[in-house]
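Next up: just one chain, as structure tokens, the form predicted alone.
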């Protein structure tokens, strides 16, 4: 059974968009023009445009028309821990940051995978605050709601484009025990995990990721340059890191990180078991 006409038209328009037939700076042909050229009803054209919108290829701008949506080369973040292979100089390993880069690392250490992929990473100096733990933070760090926690918020870029936002939360007692650099608005160059290991002998032994999807809020729309009517959701990666130290062999949460990634420029990979060497390439979706 053939596809419905609107889907056939959408597929044809997709091919024309991907072959650069249309000027990305100008609106696509109007519904009336497409209706005439395809000899179908206006409702069929609207269904085709809605499908293109759902595929993330176009965006409707009220009063201006339908435009090709800016396409990014997706960056693939490896969420599972990955080690530097013997003889390899281009892969980060756990000696730099014992969780994977953009998935939960902070500062320069978080961009090892970006560098390995031949792309340029940049981050702004973190905004450091002492906050009262929200319900979500208190549950992840196992502290009472309203307890003081350290938050470190960073804006992160790849190839000059806004790529992700990250906020990491730490219990105040880590600073009280000597990890005072957590309170400074500067990069922890070796990575927070290694820093805490050096200063407090706190060793990360694992982490738990939760991934959710929601609409972008006003701050995220502005930072990522998203139109509110473009219907581009954001991924929310919630990572709770667990560690042990000299005083306890039972893993306890010492860092909770919330990272926000717009879905139009990010993909994620989780490796399990014996998989081929090398970095996973973006999937064509």
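Numbering follows the first chain given and starts at 1. Note that the structure is a prediction, hence the values are computed from the model and not measured. Throughout, rigid core stands for the largest set of C-alpha atoms superposing within 1.5 Å between the two forms.
Absent from the display: the form predicted in complex with another copy of the chain. The rest refers to it.
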| request: Please state whether every one of the three residues 161, 184 and 254 places a non-hydrogen atom within 4.5 angstroms of another copy of the chain in the predicted complex. | output: no
| query | Of these, 127, 189, 214, 119, which has a heavy atom no more than 4.5 Å from another copy of the chain in the predicted complex? | reply | 214
| request: Tell me, out of 65, 233, 246, 225, which residue has a non-hydrogen atom within 4.5 angstroms of another copy of the chain in the predicted complex. | output: 233
| task | Using the partner position in the predicted complex, report whether residue 270 sits within 4.5 Å of another copy of the chain, counting heavy atoms only. | result | yes
| said: Taking another copy of the chain as it sits in the predicted complex, is residue 4 near enough to touch it, meaning that at least one heavy atom pair lies within 4.5 angstroms? | reply: no
| request: Consider residue 274 of the chain shown here, and say whether it contacts another copy of the chain in the predicted complex, taking contact as heavy atoms within 4.5 Å. | output: yes
| message | Would you classify residue 178 as touching another copy of the chain in the predicted complex, given a 4.5 Å non-hydrogen atom cut-off? | response | no
| query | Residues in which of 107-115, 192-200, 138-146, 151-159 have heavy atoms within 4.5 Å of another copy of the chain in the predicted complex? | reply | 138-146
| query | Out of 193-207, which residues reach within 4.5 Å of another copy of the chain in the predicted complex, heavy atoms considered? | reply | 205, 206, 207
| field | C-alpha of residue 54 off by 2 Å or more between the shown form and the other one on rigid core | value | yes
| After fitting the rigid core, is the C-alpha of residue 14 off by 2 Å or more between the shown form and the other one? | yes
| With a C-alpha distance change of 3 Å or more, do residue 50 and residue 222 lie closer or farther in the predicted complex? | closer
| request: Mind checking the CA-CA distance of residue 280 and residue 55 in the predicted complex? It differs by 3 Å or more from this form, so is it closer or farther? | output: farther
